[in-house]
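Form predicted on its own, single chain, as structure tokens, below.
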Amino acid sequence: MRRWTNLALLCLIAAAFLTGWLAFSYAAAPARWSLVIHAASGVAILALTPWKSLIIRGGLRHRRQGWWTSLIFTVLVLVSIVAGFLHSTGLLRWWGDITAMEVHVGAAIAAVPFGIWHLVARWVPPRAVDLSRRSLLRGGLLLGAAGLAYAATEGLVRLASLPGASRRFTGSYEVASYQPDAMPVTQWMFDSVPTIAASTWRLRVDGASQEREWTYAQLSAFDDRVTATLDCTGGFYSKQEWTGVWLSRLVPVTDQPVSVHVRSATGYDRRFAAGELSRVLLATRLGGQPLSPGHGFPVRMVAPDRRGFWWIKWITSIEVETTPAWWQLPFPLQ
């Protein structure tokens, strides 16, 4: 049972991490299915806690070299699961400026190096018995029970009218839709809000055949509009009306299979496929008013159906490149 428990936990933790990663990549339907698997994996991990606690007790008695890293890994996994539960039910969504979702994700990311060390230090070679009929039956029963427990939890959340019942399919909560002044100000990881003067700021657009600089006044003259939902990976979403210029008007789409590289004043960057440009807005206004510094002044990206980390703020340059759009990290590091 000890071996099977450890193997099952390894598979479940890997599944939870990968499906959580996948859910962060989409603001459309695939996120919902990955989150169902993600949540069920968390329930299954909790279900194995009694058996794993017995294994941990034995390990603490013997205290092999590096035992404390394994203990930290266990604590981080449990913190991530508890924070995820608090977010999904809505029982506790914020600690001051920190959201339960940020704790959930932060603990999971922090657990990765400890998990790798634990796996390497405690490596047990696979055996044929790991795929025996009994092992597979145990795994099937565990997953089935976890799925039923997750469904029951979702049902209780709705019956009790907890805040979690109103979550979007991405797991995010609605905040300040059509209220630009109340929409939370967030940025990716270590980015900070820069101070930019509209009079000296320029947007450099380096096209396939020519380069041009746009002033803030020139871009503000455009009046393209879109109502789009900003779905932040911090756990909230907000539907707003954005005004600016479609990117395809600044960077004409050619038949050449290229990408467009968008950079921020902070160094933050993302690549977009050329075919997406007609659906991506370079926004100068939010709710009819100029963007505030926290929301990306002077211009920011509005990318419907993409999560918030694609909505680049404080843009300074747009370049047409021959590098494919997929040739970038799934998530920026800075």
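We number the residues from 1 along the sequence you see. Keep in mind that what you see is a predicted model, and the values were worked out from it rather than measured.
The next section is about a form of this same protein that is not shown, the form predicted together with a small molecule.
Taking the partner from elsewhere, no residue among 237, 271 and 328 has a non-hydrogen atom within 4.5 angstroms of the small molecule in the predicted complex. Mapping the unseen interface onto this chain, residue 202 falls outside it, with no heavy atom inside 4.5 Å of the small molecule in the predicted complex.
Taking the partner from elsewhere, residue 38 is found to have a heavy atom lying within 4.5 Å of the small molecule in the predicted complex. Within 4.5 Å of some heavy atom of the small molecule in the predicted complex lies at least one heavy atom of residue 154. At the 4.5 Å threshold, heavy atoms of residue 320 stay clear of the small molecule in the predicted complex, well away from it. Heavy atoms within 4.5 Å of the small molecule in the predicted complex are found in one stretch of 244 to 252, 138 to 146, 80 to 88, 218 to 226, which is 80 to 88. This chain is displayed alone, yet in the predicted complex one of 175, 258, 105, 196 has a heavy atom within 4.5 Å of the small molecule; that residue is 105. This chain lacks the partner; the member of 160, 129, 71, 98 within 4.5 angstroms of the small molecule in the predicted complex by a non-hydrogen atom is 71.
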